[in-house]
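Shown here is one chain on its own, the form predicted alone, set out as structure tokens.
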């Protein structure tokens, strides 16, 4: 059973995580947690010093964290982006597409289910931040 999943080749960040509200006042903070309803764009001026951004999913039905991930990745954030909270195995492949590269679910996930979730759709239709080429772009290459 997996209680932490990482898709990164480096070591997971271990820095103490601070709230978004307190992050701006702490010049030495390198890890921050975003709660639903908070604006990830507040972190854009600080991307160079952030090693970890945790995005909280208090309920699997709350999808605002997907937008936070996209905002950060599209702005050039390359550090660890961790989904925490009510993270379900059905969601992790979609979270990956939005830029999450580590996951800390409230409840452990079955290893085989996790592997199957990441392998389920080898081809994708939408352009996103995970560097997989959409199928429509592949079609144009083959023509």
Partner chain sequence: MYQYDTYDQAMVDARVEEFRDQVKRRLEGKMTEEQFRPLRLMNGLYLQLHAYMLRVAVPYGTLSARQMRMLGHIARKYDKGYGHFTTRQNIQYNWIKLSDAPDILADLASVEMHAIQTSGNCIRNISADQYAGVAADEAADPRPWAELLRQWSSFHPEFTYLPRKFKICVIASPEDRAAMRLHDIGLELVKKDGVVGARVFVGGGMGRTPMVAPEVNPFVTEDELISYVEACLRVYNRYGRRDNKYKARIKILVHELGVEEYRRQVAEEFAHMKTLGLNPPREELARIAEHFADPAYETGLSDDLDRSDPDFALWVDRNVAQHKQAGYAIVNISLKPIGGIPGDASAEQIELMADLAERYSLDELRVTHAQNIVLPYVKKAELYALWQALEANGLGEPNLDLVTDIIACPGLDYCSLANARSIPVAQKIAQRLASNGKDAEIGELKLKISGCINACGHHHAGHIGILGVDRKGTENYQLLLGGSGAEDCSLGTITGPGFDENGIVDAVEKATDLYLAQRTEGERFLDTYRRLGMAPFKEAIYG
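Given the structure is predicted, the values throughout are model-derived calculations rather than measurements. Numbering follows the first chain given and starts at 1.
What comes next is about the form predicted in complex with the partner chain, which does not appear here.
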item	value
Joint contact, 4, 58 and 111 to the partner chain in the model of the complex, by non-hydrogen atom at 4.5 Å	no
Heavy atom of residue 13 within 4.5 Å of the partner chain in the model of the complex	no
Residue 63, heavy atom within 4.5 angstroms of the partner chain in the model of the complex	yes
Partner contact for residue 33 in the model of the complex: the partner chain, 4.5 angstroms, heavy atom	no
Any non-hydrogen atom of residue 20 within 4.5 angstroms of the partner chain in the model of the complex	no
Segment that reaches the partner chain in the model of the complex - one of 35 to 43, 48 to 56, 77 to 85, 22 to 30, heavy atoms within 4.5 Å	35 to 43
Residues of stretch 77 to 104 in contact with the partner chain in the model of the complex (4.5 Å, non-hydrogen atom)	88, 89, 90, 91, 94, 97, 98
